[in-house]
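First, one chain by itself: the form predicted on its own, in structure tokens.
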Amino acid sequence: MRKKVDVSLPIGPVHPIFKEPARIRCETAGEKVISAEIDLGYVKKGIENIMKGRPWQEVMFLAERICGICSVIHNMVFIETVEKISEIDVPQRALYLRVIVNELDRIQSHMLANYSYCYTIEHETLAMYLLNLRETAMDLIELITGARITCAYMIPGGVRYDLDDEKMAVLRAGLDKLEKDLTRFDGMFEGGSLIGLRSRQIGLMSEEEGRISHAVGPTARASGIVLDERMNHPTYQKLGFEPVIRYECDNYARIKVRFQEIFQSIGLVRKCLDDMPEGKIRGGGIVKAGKGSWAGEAPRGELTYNIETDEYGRIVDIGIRTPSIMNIEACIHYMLKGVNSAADVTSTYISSDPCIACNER
């Protein structure tokens, strides 16, 4: 019988390229990957169990600590689920402020993802440019919320802080800088011969494969799948939101989708600043007993919270579905299969922007 597998190649759980621990096991013929599997569970936190029985005021802070990269969307979806259960209305100005902070968080998350990819393919110059520019987005988040990572900006019935004219001017100047610098860096990515060699036609996942594996977020949209929870969100619908879709289905497309979505986020923040009505930012409200589900579009895709509360506002039960669960599945079983070089395994894995912290909450 002819031998098909030459080498069983383990990568991780600790690897210079990985931000968080995971172990990928590749079966290869020569350097071509025939199949792959992933081992997780190195940093399991059990945070959902910690949340149960606690009042919502404590769980709100725990929710945004699930992930240090996309903490704002965890805060936003948790609060919107509680508001749905308790039928709490939110003032219009607060709804626009929520979108502003959420899109700034998406900008910094996408920049970190693209930095990681450029670093993985050894384009350190572009990687460092992106990491440096990300600081501008982080500073703008701090300007509005008072913190860079765990902001707890959204509360039932509104947000904590308003934006005055002086802060709006700083925010607009920051957006101009982000757009100007990012246009240059996007051009470097698009025209770089090394980047093209390491990214185009590598890590392919067809639209059908993406649907079978239930891929979400930029990973799905880079394979032609029209899927974005912002299309179902009332505030984004008012802003005329349309998702970014590409059809190349490779590593290049996944990184380009994130670049394009950063430009889109800049446009959404500007539109919020232009259209935001005057008025109060908190309407108040009491968290009641009930059960509900709500989803939002995290930087990596669909994030869903299922929550049950009692009459005292305590969390009786909670289930969270994060986007990296589906995207890692899609990456391991479809994108890595057929990769021609062991060197492309890490870049393909990073192109799906996996978040182990979310996965092992």
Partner chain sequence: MTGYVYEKSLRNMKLRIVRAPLQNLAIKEISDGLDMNIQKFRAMLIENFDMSYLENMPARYDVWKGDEVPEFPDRLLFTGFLTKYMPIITEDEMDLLLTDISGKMSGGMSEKEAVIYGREKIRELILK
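Residue numbers count along the first chain shown, from 1. Just so you know, these numbers come straight off a predicted model, no measurement behind them.
Missing here is the form predicted together with its partner chain; even so, the following discussion is about that form.
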item	value
Proximity of His123 to its partner chain in the model of the complex, heavy atoms at 4.5 Å	no
Distance check, Ile34 to its partner chain in the model of the complex, heavy atom within 4.5 Å	no
Touches its partner chain in the model of the complex: Ala289 (any heavy atom, 4.5 Å)	no
Met188, heavy atom within 4.5 angstroms of its partner chain in the model of the complex	no
Sole residue of Lys238, Lys177, Lys84, Arg211 within 4.5 Å of its partner chain in the model of the complex, by heavy atom	Arg211
Option touching its partner chain, based on a heavy atom within 4.5 Å in the model of the complex, out of Ile325, Ile50, Ala29, Val316	Ile325
Non-hydrogen atom within 4.5 Å of its partner chain in the model of the complex for each of Gly157, His233 and Asp275	no
Contact stretch among 203-211, 280-288, 265-273, 106-114 - heavy atom within 4.5 Å of its partner chain in the model of the complex	203-211
Within 332-361, the residues that have a heavy atom no more than 4.5 Å from its partner chain in the model of the complex	Ile332, His333, Tyr334, Asn359, Arg361
